[in-house]
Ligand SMILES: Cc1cc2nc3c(=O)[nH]c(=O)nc-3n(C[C@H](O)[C@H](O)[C@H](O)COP(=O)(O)OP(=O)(O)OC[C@H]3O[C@@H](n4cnc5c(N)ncnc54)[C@H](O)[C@@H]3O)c2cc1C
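In structure tokens, the next block holds one chain alone, the form predicted on its own.
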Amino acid sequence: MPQFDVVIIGAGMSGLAAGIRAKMLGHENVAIVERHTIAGGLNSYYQRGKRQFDVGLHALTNFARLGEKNRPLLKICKQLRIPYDRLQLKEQRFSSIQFPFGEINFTNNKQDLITSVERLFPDEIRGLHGLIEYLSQFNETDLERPFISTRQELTHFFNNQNLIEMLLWPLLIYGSACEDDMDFGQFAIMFKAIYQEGFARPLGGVRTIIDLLLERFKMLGGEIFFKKEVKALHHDNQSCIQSLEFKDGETWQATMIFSSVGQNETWQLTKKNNALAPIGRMSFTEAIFVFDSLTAAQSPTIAFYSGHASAQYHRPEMLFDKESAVICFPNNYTDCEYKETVVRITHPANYDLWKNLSPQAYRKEKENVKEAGLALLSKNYGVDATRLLFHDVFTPLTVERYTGHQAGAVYGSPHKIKNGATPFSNLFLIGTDQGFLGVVGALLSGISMANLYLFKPTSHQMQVPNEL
């Protein structure tokens, strides 16, 4: 029976980062197992013809320029020993938050958000400065802090509910497993990541990051196994996992195991009931469009659009909420030259309603997602639908099928385990249900959990585990 020091379930961002750190911390036999044929997990890519599309990644948050101090992205590069310049980051032009009562714009210059808020909400600018100062002192990475309602906390800084809705909307839809609210620690992380550090995109998309991580892991001597799906984690009611059984019939033993497949999904592998973690209710549809010209070159890089008067971040009563959307132009970054316009439009969706459709109705409703997206683009940006070259539509069922997340819950369970611990002494959670989200959050999760549980003081390769 093959034996490993460390086995990591899932070759997403957190899994790859954990694998790299495990090798850097001196562990000899480290393996990553992935049920698909490519790495990336929630942030991967696929190809149609000659076109390659990112899935998951709209933008890389936490943009940093080389030399800037205390930036998460640069700390991650340092921890993984990945040269910053190989990310080939292109900055956003600008992004916007659009509600019926107004619009706020922001860029990678944090002052632009302040200026835009002051223009629309002049009486609230003092509160915004107060919030920014408070967040600068707030320890958002505290693994022991209980859930704190962001909506409640923001009332201490702002009187105008419209501003609260606008500031919350991008952060909810980009990272909350909770409906209509989020943990204040997560809000602090996301506020800094999006509003103060900003968006960028690697030249070549998410594959650039994945290839760098794979290259680094393999260079360190790590092994990765694709089309290797875990069937069960055997424990015989003991306090540790004794073996991993795979669907191909093979069985392995491992001293330490990290799972990035989700909390409930991990419990299913152990055949252990988990009453503490409800299945997440937030899933989405996404339409991807390719047009034959740069018809939207002056549009935002990302628009967080709401046709509602408030941030409607919950499972809608209809198949999808066409009045709540992220409208992303992934080619619309500085110093990027493309001959086509690519647009991705994401809507909150109802998994249960999609699940119960007949095949014929399912195809029809996917067409409705497409038409709703084209209508938004025509209304907001004057994009000509007759110039459409290609489109694709994902639903919550697509998300569930390719990610393995129950009910297509992209952000996992609302109940997070911040320290990654499980009832088993050698099994730990990383990724979405450990609590850090997005590409940078996933990388941070893999690094921090590996540092916490795999640190070997006797290793000649040891790194300071609390650098992050």
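Remember, predicted model here, so these are calculated numbers, not experimental data. A residue's number is simply how far along the shown sequence it sits, counting from 1.
Beyond what is shown, the protein has a form predicted in complex with this ligand; the following relates to that form.
K.L.:
Please determine whether each residue of G12, K228 and T432 possesses a non-hydrogen atom within 4.5 angstroms of this ligand in the predicted bound form.
P.N.:
Yes, the whole candidate spot contacts this ligand.
K.L.:
Even though the partner isn't displayed, in the predicted bound form is T422 close enough to this ligand, meaning a heavy atom within 4.5 Å?
P.N.:
The answer is no: T422 has no heavy atom within 4.5 Å of this ligand.
K.L.:
So in the predicted bound form, does any heavy atom of Q263 sit within 4.5 Å of this ligand?
P.N.:
Contact with this ligand, no.
K.L.:
Is Y402 close to this ligand in the predicted bound form, meaning a heavy atom pair under 4.5 Å apart or at it?
P.N.:
Contact with this ligand, yes.
K.L.:
So, E286 and this ligand: in the predicted bound form, are they within 4.5 Å at any heavy atom pair?
P.N.:
Yes.
K.L.:
Quick check for you: of 30-38, 63-71, 45-53, 414-422, which stretch puts a non-hydrogen atom within 4.5 Å of this ligand in the predicted bound form?
P.N.:
In short, 30-38.
K.L.:
Note that this ligand is not shown here; using its position in the predicted bound form, name the residues of 419-439 with a heavy atom within 4.5 Å of it, in sequence order.
P.N.:
Result: G431, T432, L437, G438, V439.
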